[in-house]
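This document opens with one chain alone, in structure tokens, the form predicted on its own.
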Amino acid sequence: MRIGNHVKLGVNIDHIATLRQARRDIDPDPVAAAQVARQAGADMIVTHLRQDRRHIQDDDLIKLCKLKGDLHLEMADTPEMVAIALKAGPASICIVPESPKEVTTEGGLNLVNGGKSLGKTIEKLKKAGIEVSLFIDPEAPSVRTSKALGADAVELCTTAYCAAPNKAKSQAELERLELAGYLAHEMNLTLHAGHGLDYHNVQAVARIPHLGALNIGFSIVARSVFVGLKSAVSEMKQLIN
């Protein structure tokens, strides 16, 4: 939850593992990266265990969940991933759409077609004491359906805002995020946002009322190539608060 003007920063360390997997080596270690990120001010560590295992591996997840502090897992709604999550025991989970050929997540969940399965998954995860959020586009029907399915939180997809070609479109997308955020708050859903956010566009989103957390990964890891991970996390932390 948001405390005063504090917006939590979730640092996604997936692309530390992407670099490691390029050589199938042991370095750079995403677990070590998580520790550095926390020392630099990250409120939680975020990671996406994909079905194709293109970056984070099962063993990484188990180790990350054993570290002190909250681990936020992103995953697809599949029996395999649910079983792994229940074994690993992260503090929270965000269920995301996943396509084998995508470069990165392309948008929010289709709650119309996947609602029945999602409801069962959410119930199972919550019974295990795991907080569950759904990654959705900033639309009222998606917020309402998330609540009906039993989610604890929603993470609003900021891709359209980040990809806006001009200021007018950017402002329109920001207003969509704000309106969806107000509705989520009215429905007692914890509010998160993320995807595509960087050091140039994050501040406007960080000012959205009732926002509890921003989950950011690629831009922080990219920045760390030049300034180091500790400085990259610290700079982002300063921008959002």
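Quick caveat, the model's predicted, so the values are computed rather than measured. Throughout, we count residues from 1 along the sequence that is shown.
We do not show the form predicted together with ligand PXP, though everything after this point is about it.
Ligand PXP in the predicted complex reached by all of D14, H48 and G196, non-hydrogen atom within 4.5 Å: Each of the three qualifies.
Ligand PXP in the predicted complex: contacting segment from 32-40, 174-182, 210-218, 62-70, heavy atom within 4.5 Å: Answer to the contact question: 210-218.
Listed residue (V96, L111, A85, V132) with a non-hydrogen atom within 4.5 angstroms of ligand PXP in the predicted complex: After the contact test, the surviving option is V96.
Partner contact for T105 in the predicted complex: ligand PXP, 4.5 angstroms, heavy atom: Contact check for T105: yes, within 4.5 Å of ligand PXP in the predicted complex.
In the predicted complex, residues of 53-84 near ligand PXP [heavy atom within 4.5 Å]: The stretch 53-84, when checked against ligand PXP in the predicted complex, contributes only E74 at the 4.5 Å heavy-atom cut-off.
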